[in-house]
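Just one chain follows, in the form predicted alone, and it is written as C-alpha cells.
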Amino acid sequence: MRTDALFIGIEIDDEAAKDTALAAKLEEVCPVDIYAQAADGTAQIVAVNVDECVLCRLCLDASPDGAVRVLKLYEDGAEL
C-alpha cells in the first residue's frame, strides 16, 4: 500500500501490513501518527498525517528491511 502527500510518500509492503505486531509497533513509534492499526489489526497509513513526517527513521528501524519505505517526493522520490 502506498500513500503520497505533497512532500512525502509512505509505502508499506502488503504482506508486512498484515503483521499485527508490526502494525502495533509502527503506531507506537511514529511521533506524528502516520500509522494506525485497523480494527482487524493490520497497518494503515493515516493519509492526512503523511506530510507531517519528520524523517526520524523510527518506522524504518522498527520494521524489517524493505517492509516500510519513506520517499522524499521533493527529491524525485529519493528513499530515506
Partner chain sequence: MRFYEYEAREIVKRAGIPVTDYGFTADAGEAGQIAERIGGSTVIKSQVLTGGRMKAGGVKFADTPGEAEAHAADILKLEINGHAARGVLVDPRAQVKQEYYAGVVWDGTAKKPLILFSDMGGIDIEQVAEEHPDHVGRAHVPTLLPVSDFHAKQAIAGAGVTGRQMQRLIPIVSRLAQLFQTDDMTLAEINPLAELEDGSFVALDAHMEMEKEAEGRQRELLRALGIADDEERDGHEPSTFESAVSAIDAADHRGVIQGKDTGFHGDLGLVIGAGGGSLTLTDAVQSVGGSPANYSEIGGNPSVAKACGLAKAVLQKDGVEKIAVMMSIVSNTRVDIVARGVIKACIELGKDPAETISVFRIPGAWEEEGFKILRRYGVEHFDRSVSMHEAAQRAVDKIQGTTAP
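Numbering follows the first chain given and starts at 1. It should be emphasised that the depicted structure is a prediction, and the values quoted were computed from it without experimental measurement.
FYI, the form predicted together with the partner chain isn't displayed, but the following is about it.
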query	finding
Contact test in the predicted complex: residue 55 vs the partner chain, heavy atoms, 4.5 Å	yes
4.5 Å heavy atom contact, residue 6 to the partner chain in the predicted complex	yes
Residue 25 within 4.5 Å of the partner chain in the predicted complex, heavy atoms	no
Non-hydrogen atom contact residue 69 with the partner chain in the predicted complex at 4.5 angstroms	no
Whether 32, 73 and 76 all lie within 4.5 angstroms of the partner chain in the predicted complex by heavy atom	yes
